[in-house]
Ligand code: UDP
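First, one chain by itself: the form predicted on its own, in structure tokens.
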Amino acid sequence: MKPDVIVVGAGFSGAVMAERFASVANKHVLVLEQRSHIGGNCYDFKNEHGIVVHQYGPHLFHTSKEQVWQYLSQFTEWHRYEHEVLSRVDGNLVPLPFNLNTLDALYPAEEAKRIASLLVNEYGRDAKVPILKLKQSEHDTLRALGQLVYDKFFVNYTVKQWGCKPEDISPEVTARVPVVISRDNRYFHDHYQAIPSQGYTPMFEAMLSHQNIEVELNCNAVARLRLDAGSGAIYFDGERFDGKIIFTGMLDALFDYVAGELPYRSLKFKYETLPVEYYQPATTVNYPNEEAFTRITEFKHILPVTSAHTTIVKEYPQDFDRLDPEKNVPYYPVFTDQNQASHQRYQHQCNQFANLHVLGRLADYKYYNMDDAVANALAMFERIATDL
């Protein structure tokens, strides 16, 4: 099948674009994926105990975007799931984000009641107050609370996550960390919160099952593409390709790193299957202070299964290194002015090719939630489908 459209990457961005071009525009689509599986970092599988394991760490779907929910619901049934996180602080497991229940767990009852009353009076019930705002409060008690949340929950976790010094943490990052003045322990508050009932991989299989779609795995797409900046032409497997190319990978790799490598943080995962029914009381427990890993996730809490065993994963943040197979999965862009400027130079080079369209977490050098990636892909298809 000679393709009309080439999609590089079979994660959310690529899969949505491939499905739309195939089913709506009736185009022949070739999907090129460098890994041995589809689904990108959302790839999951059932292990020998029937537990659905997320190979690249937990992916928890939540959205308030009606269009995204309706679109994905064509390809999966859903298992309702509302995520709750605990944080290990001073030997106790307490709710995160920090809320009134966390307050009760860390303070004597009367003091917790007094601080809760201050918070409600100052900010209102159900408010989300950034810890930076608390740390700048004129009230000594609230200022001390902000400092406690910063010291016990935030600073050490962030240092591990980003590999930085405490003094290098941006105030803009601190300002996004809230204290929630409620007793709602849910981590997300979107209208739709659920997991594909059979896992993410079957959902991606359904998305890419159209007869107009061909998927090639274990494929180095960048090596098969040649971009001629002088003419604006793109060549695929040595022949000029005038159809649309949707690229969802790293732009620095596409252009052979001519403007330098774009830094990322990566993760190392240590999986353990244990002969116990459950290991911990919640899906995710954060370890901000005393461990080298940042959190432990237990998958049976996400899609429950009857088993005498359970599977957990510990996450160890690390620097990305494209040449090291233990560190070559990019997860989080490193947002600095210099890195953003480098990405803009690559984006400018993309603009020289009329039939090249880039999107997704890697290509845009942004950390998107899953629903953002789907929404962006649907919007891009609508924009570029008009000239088909």
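This one's a predicted model, so the numbers in the text were calculated from it and none came from an experiment. Under this definition, the rigid core comprises the largest set of C-alpha atoms superposing within 1.5 Å between the forms. Counting begins at 1, following the sequence as shown.
Quick note: we don't show the form predicted in complex with the ligand, though the next part is all about it.
Although the partner is absent from this view, residue 96 contacts the ligand in the predicted complex, with a non-hydrogen atom inside 4.5 angstroms. Within 4.5 Å of some heavy atom of the ligand in the predicted complex lies at least one heavy atom of residue 173. None of the heavy atoms of residue 299 is located within 4.5 Å of the ligand in the predicted complex. Shown alone here, residue 177 lies within 4.5 Å of the ligand in the predicted complex, counting heavy atoms only. Contact with the ligand in the predicted complex, judged as any non-hydrogen atom within 4.5 angstroms, is confined among 158 to 166, 108 to 116, 229 to 237, 189 to 197 to 158 to 166.
Between the options 286, 201, 283, 102, the residue in contact with the ligand in the predicted complex by a heavy atom within 4.5 angstroms is 286.
Think of it this way: in the predicted complex, the ligand has a heavy atom of just one of 353, 45, 69, 332 within 4.5 Å, and the residue is 332. In the predicted complex, just one residue of 354 to 371 lies within 4.5 Å of the ligand by at least one heavy atom: 367. After superposition on the rigid core, the Cα atom of residue 317 is displaced by less than 2 Å between this form and the one not shown.
Relative to the superposed core, residue 132 undergoes a C-alpha shift of no less than 2 Å between this form and the one not shown. Relative to the superposed rigid core, the position of the CA of residue 178 differs between this form and the one not shown by 2 Å or more.
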